[in-house]
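In structure tokens, the next block holds one chain alone, the form predicted on its own.
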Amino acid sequence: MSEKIDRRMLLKATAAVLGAMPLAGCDLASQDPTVRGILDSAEELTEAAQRTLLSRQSLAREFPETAISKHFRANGSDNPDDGDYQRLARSGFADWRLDVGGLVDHPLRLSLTDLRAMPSRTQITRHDCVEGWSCIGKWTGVPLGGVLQQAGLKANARYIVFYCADTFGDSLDLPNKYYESIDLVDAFHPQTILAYDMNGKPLEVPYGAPLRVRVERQLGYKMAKYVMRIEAVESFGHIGGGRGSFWADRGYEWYAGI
């Protein structure tokens, strides 16, 4: 309990430092040395506590339907300008396919119909953004672990990487295509799902249609939206800036547990 309290205190401190600066899911302000120090401290508390003190199956809090936020804020980008994505969106994502590859025995190419036919999970959870806001939503999707079991991970697979349709422009000499990754502990956690419904309806574009990741024991910037491809890898050192995610390449911590 004390770890969670400390973590949330640090998040509030981060929000105070960020002040009125806009965040894009959640922005480049972490390059500020003060913010960077706060995030580094939170990172040390969180990963050590979660992986040492908590069960790998410990669940994030789930809420009743009466707690669902009337307005759920869309974090990050809300309408990718990628041409292929826009074409898929115009057709209601009928031609969209999720590719699952990398270090797997059986690469997959799944449509939304395929995913909806698989065993699903519904959970009402709180989305916590590092900039200090939270919303509660109802998510339905396929447990990621089930998809990975169907693909069959090779023995040397250690991380799962999500490649997305959205991009962010900045002045840094880094790839601007959004990507994220998690380790196998989080990948097989029961609340880690590939969500295709929000609040009982198919995901809308601002919230990550047609598919987004929910990693309920981590902060919002780990919840990749507009997922197009999943890859199992041994290391993410060769991807993007080498730190495991779009925002980690730009100064955020790769592990963002709460």
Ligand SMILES: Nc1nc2c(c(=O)[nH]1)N[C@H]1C(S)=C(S)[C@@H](COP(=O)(O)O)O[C@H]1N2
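Everything quoted here is computed from the prediction, not taken from an experiment. Residues carry their position along the shown sequence, with the first being 1.
Form predicted in complex with this ligand: not shown, discussed below.
Stretch 125-133 is the contacting one of 83-91, 152-160, 110-118, 125-133, since its residues have non-hydrogen atoms within 4.5 Å of this ligand in the predicted bound form.
Not displayed here, this ligand is approached by Ser77 to within 4.5 Å at the level of heavy atoms in the predicted bound form. Using a 4.5 angstroms threshold between heavy atoms, Pro206 counts as touching this ligand in the predicted bound form.
Residue contact with this ligand in the predicted bound form: Arg212 places a heavy atom within 4.5 Å of it.
Interface membership of Leu144, defined by any non-hydrogen atom within 4.5 Å of this ligand in the predicted bound form, is ruled out.
If you take 220-251 and check each residue for a heavy atom within 4.5 Å of this ligand in the predicted bound form, you get Gly220, Tyr221, Met223, Ala224, Lys225, Tyr226, Trp247, in sequence order.
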